[in-house]
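Taking the form predicted on its own, here's one chain by itself in structure tokens.
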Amino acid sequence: MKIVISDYAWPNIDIEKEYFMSKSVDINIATGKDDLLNKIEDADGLLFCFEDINEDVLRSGKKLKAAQRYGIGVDNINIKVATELGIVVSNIPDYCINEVSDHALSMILAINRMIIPDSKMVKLGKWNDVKKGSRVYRLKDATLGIIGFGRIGRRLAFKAKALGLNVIAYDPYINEKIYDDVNILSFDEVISNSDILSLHVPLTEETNHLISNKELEKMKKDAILINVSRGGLIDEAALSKYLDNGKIRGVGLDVMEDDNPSPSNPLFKYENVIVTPHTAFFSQESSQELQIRSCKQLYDVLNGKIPEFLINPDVLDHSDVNLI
């Protein structure tokens, strides 16, 4: 049995090596797309993180039975083609709930309290030049709106309520008016009534540019916008326009439309925009948990078990897939 790792976001793969060695499974690490296309030809399983697992990659895997995502989102794999080829796709949707909700909350607090610009002024010797004119919310009087009330959205709500924030949420898959003691409202109601808006949805055709001109226009003046999910959720050109006119109080981004943004990105010029390089998921504990659980779930599939987190259930109807 052979496993290929397309890419990973931690210092080493000692955990993977130890796990698969104990199972007498060969493990290979690709060093780029061309190398991946070569190594996947005779692989039984694939572990992937941020690499684009497109149709070419999947069709190159002549023996490929399973593709396991290191993480939650699966927008970087062609699920339709994987299902057609009988490749089981799985993920780990519940491994970094605390880390991502912590990151979102950290951005909310840093932007609202002006931590970064004020610290910068002090370090420049301008202690007495720090202005007190910018809008700062008293959190117990402010409303946090959460778009996407899944695991991470609910954990953020729990933490935010402990700080006194009023929390409202929108989720198209929740029919109740109140869920986890949070009022569930329409998308437009959450957009227009939130002092702080945090996005927690996957990137799909429907959610691409979920926040654009129309939504930004509906948002409150001085609203704070947070995105720790996927970069394509926000129309960055539209966001720049609203930052220019001063309507948006501040923005926190852990993801951007360009996965590797240029230093000349227009959003980088704004003092009230915080950007982190897709690190919301990270802690040593979460990475280690993700590595071992990803290995185990992939190995289980290759040994005939239906994964706990199956992305493409239609694959079970494929003639070459026989899982229990």
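Residue numbers here begin at 1 and follow the sequence given. Note that this is a predicted model, so its numbers are computed, not measured.
The same protein also exists as the form predicted in complex with a small molecule; that form is not shown, yet it is the one meant from here on.
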With the small molecule left out of view, choose which of V273, V255, A30, C295 has a non-hydrogen atom within 4.5 angstroms of it in the predicted bound form. V255
Looking at I152, L144, A104, V88, which is the one with a non-hydrogen atom within 4.5 Å of the small molecule in the predicted bound form? I152
Which is the contacting stretch out of 111-119, 168-176, 215-223, 80-88, given heavy atoms within 4.5 Å of the small molecule in the predicted bound form? 168-176
Does V228 reach the small molecule in the predicted bound form if we count a contact as any heavy atom within 4.5 Å? yes
I'd like to check something about D188: if you look in the predicted bound form, is any of its heavy atoms closer than or equal to 4.5 Å to a heavy atom of the small molecule? no
Within 4.5 Å, heavy atoms only: does I97 come near the small molecule in the predicted bound form? yes
Do A280 and the small molecule come within 4.5 Å of each other in the predicted bound form, heavy atoms counted? yes
